[in-house]
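We begin with a single chain expressed as structure tokens, specifically the form predicted on its own.
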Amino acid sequence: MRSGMVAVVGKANAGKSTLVNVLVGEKVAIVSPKPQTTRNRILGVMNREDAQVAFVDTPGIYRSKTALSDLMMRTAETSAKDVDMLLYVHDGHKGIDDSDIALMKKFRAFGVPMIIAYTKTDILPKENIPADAEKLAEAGISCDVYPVSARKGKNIRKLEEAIIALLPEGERLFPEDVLSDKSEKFMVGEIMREKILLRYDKEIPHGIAVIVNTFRKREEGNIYDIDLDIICEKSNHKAILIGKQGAALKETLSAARKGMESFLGAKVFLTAYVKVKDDWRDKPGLLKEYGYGSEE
């Protein structure tokens, strides 16, 4: 059998987490239309009889503006250097420009086998695909390109087979029942953050951290008690998060609770408080306290 580590890299909002979830067959990373949804390095394990692939979902490459985004970019690049191969995910819907080619060449220079997943083919003209493939070839990007649609499941099997073919022969790296290296407690916090990303606009979602204070399963019944803090950067952001008479927060918590219940397969009693920590994304002490940077 074949097994190995595959770093999933690319620009922000290219569809990396969606693709990883589809390949693994379970939700191991949150998804939203907003850049920088993935902040941590997350492992998702695909198990087959003839192969095991450990996908390392990394933060999307994004123009750095804060200490947090600096840290995320370092996490992405570090993750890409210690793996068996790279899966570069490109948003085909956005076409290909010089910055895309430069970034592909940067990862290609790491000396690790690389495949390009050209995503979102369900929402772009089909004639764009061969034109973009030719553009990559002319630019000297010497690796196979696989047009896929994670949302529609198109060409996913072909991509899967291509990835496995490039991995070394060897035993499983993880037990067959392992799907991720992240705990249920971590995923509960991520689900809360996902619902905030989907509910609110502009800068507010990017300035949010979620701290899970209590994650406890009751001794009787399939019930979890979850208490968490939602950290934002400004007092006016807190007011928007809560909304008039608490309506916005209530709606967001309801969506989060349903997501948590689906993930845990249990009933959830969810309590949350919104707190302000001015400019926490630029404060190394708070970044460490909130769980960012420990992977470097």
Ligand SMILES: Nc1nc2c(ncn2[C@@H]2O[C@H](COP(=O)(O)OP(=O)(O)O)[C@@H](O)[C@H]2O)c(=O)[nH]1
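None of the values given here were measured: they were computed from a predicted structure. We number the residues from 1 along the sequence you see.
The next section is about a form of this same protein that is not shown, the form predicted together with the named molecule.
Among the residues Lys94, Lys81, Arg151, Arg216, the one placing a heavy atom within 4.5 Å of the named molecule in the predicted bound form is Arg151. Exactly one listed residue, out of Val274, Leu287, Val24, Ala12, brings a non-hydrogen atom to within 4.5 Å of the named molecule in the predicted bound form: Ala12. Heavy atoms of Ser69 never reach within 4.5 Å of the named molecule in the predicted bound form, leaving it off the interface. The named molecule is not shown here, but in the predicted bound form it comes within 4.5 Å of a heavy atom of Lys120.
Among heavy atoms of Asn47, none comes within 4.5 Å of the named molecule in the predicted bound form. Among residues of the shown chain, Val31 is one whose heavy atoms approach the named molecule to within 4.5 Å in the predicted bound form.
Here the chain stands by itself, but in the predicted bound form one stretch of 95-103, 129-137, 112-120, 178-186, 112-120, has heavy atoms within 4.5 Å of the named molecule.
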